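Single chain ahead, written as structure tokens, the form predicted on its own.
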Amino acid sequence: MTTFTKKQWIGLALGLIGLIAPFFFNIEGLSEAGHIGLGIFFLAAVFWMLEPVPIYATSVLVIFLQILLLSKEGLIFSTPTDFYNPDSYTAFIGTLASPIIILFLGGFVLADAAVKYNLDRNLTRILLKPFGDKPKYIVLGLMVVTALLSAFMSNTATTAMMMTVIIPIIARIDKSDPLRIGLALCIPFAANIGGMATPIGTPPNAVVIGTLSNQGINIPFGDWMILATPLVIIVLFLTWLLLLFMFKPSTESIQLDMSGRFNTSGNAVLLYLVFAVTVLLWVSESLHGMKSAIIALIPVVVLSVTKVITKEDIRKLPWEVLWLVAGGISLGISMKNTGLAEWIVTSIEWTSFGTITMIVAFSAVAIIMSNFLSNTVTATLLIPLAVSLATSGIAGEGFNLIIISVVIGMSASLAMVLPISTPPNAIAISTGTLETKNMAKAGFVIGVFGIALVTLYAIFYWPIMLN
């Protein structure tokens, strides 16, 4: 029997009250289905924030409640009404196997196989070699390698792996040297930043792409990288300078162990080939036209059929992340179809917001929320609102749904103030090398720079690339 903490009991009570309350109030301008959608939205928001149940379990609960209360096979809307045309239950349950979920599944399989055959460690060894033994360049090298790996692997898995690389390095450095803190922070920060670069790098990217796909807007893998990579490079470089400034090394040189070799077994060689082909096809999606989700099935099929990965490996995949993303996509569907998102949007005087003000507002809100919530949850809650702003026409002709959605997705990944902000942050704190105040100071500055840079890219760079 699970024992609930006081915070969890409060979350459970508030979530259930939020679910039930809309049934007892008549909110002007909101349909009956919208009232139900609002209740589900309240429950999801509270449960995701206070976690009386795991966040992935909340996502499955959201899908179930939508099937039960909002689908045409459910308890209430078996036939269309004047204000609501119910979806089939397959619209909600189908999010568990949406193209975005398959895309992430392919990424997870590649990452799991890379760890199994030490491809990640060997790439780290090779990529770090050119950076020499100077502390500042080693920090830069670690950040570049972490960001590259995080672009194609889970940023949590990347951080966990890279922490095993730097812990022996930290152990050889004097305890009074601020470099220890800089090394411990450079890994989670680089993992968070690197995840922004590709659609599979971090779940908020999948939420953005999945939501836009439901609007008939497809962003190919390579196009996403064109939009994100320049921002990732700039933020990574500024973060490196910030860490060197705040935690200036007193050690003059560090000797790294670069021994090791690639696994040359048949399974490992096949993995290298599949990895290279998959990434190449993803990056060149706009040239050959094959959808990224279809490409993602290549490693899933080839590596499982050839037993490069076994059923034990498949059981270890982070399925809970896929459930979480699916719940977010499903919530967006009901918010749109019940009119809830449009009602929320119309309750705010958006016409008083200029284009720049709106970009800054969405970026700031996304960063602030992501510091206290999961960045996936933040994207899940904010992007449907952006969609409603676009589809309702309230925001005006200057509103670009793709740009605002990318702003939200990118900004959500720039939240690094607290250990709870992202799993990589929590992993870094768990090493005992740094304190929360060290992370908070550096993370706050990155967040401020992040808002400014995202705004500049949204005004000057992304419009050019999207035309």
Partner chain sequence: MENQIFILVVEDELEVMDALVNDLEEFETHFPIEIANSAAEAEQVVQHIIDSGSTVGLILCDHVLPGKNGVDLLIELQNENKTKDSRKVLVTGQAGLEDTVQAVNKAHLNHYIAKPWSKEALHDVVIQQLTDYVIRRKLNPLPYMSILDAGRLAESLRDNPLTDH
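Positions refer to the first chain, counted from 1. None of these values were measured; they are calculated from a predicted model.
Keep in mind that the form predicted together with the partner chain is not shown, yet the notes after this line are about it.
Visitor: May I ask you to check whether Ala45 falls inside a 4.5 Å heavy atom distance of the partner chain in the predicted complex?
Guide: Output for Ala45 is no: heavy atoms all beyond 4.5 Å of the partner chain.
Visitor: Looking in the predicted complex, any heavy atom of Gly201 within 4.5 Å of the partner chain?
Guide: Yes - in the predicted complex, heavy atoms of Gly201 and the partner chain come within 4.5 Å of each other.
Visitor: Can you tell me whether Ala113 touches the partner chain? I mean in the predicted complex, with a 4.5 angstroms heavy atom cut-off.
Guide: So Ala113 does not count as contacting the partner chain.
Visitor: Do Ser98 and the partner chain share at least one heavy atom pair within 4.5 Å in the predicted complex?
Guide: No, no contact at 4.5 Å.
Visitor: Taking 4.5 angstroms as the heavy atom distance cut-off, pick the stretch from 380-388, 169-177, 221-229, 153-161 that is near the partner chain in the predicted complex.
Guide: One stretch meets the cut-off, namely 153-161.
Visitor: If you check Leu148, Ala91, Val360, Val321 against the partner chain in the predicted complex, which one has a heavy atom within 4.5 Å?
Guide: None of the others qualify; the residue that does is Val321.
Visitor: Tell me, out of Lys291, Lys307, Lys134, Lys316, which residue has a non-hydrogen atom within 4.5 angstroms of the partner chain in the predicted complex.
Guide: Spelling it out, the residue with a heavy atom inside the cut-off is Lys316.
Visitor: For the stretch 46-85, which residues lie within 4.5 Å of the partner chain in the predicted complex by non-hydrogen atom distance?
Guide: The stretch 46-85, when checked against the partner chain in the predicted complex, contributes only Ile55 at the 4.5 Å heavy-atom cut-off.
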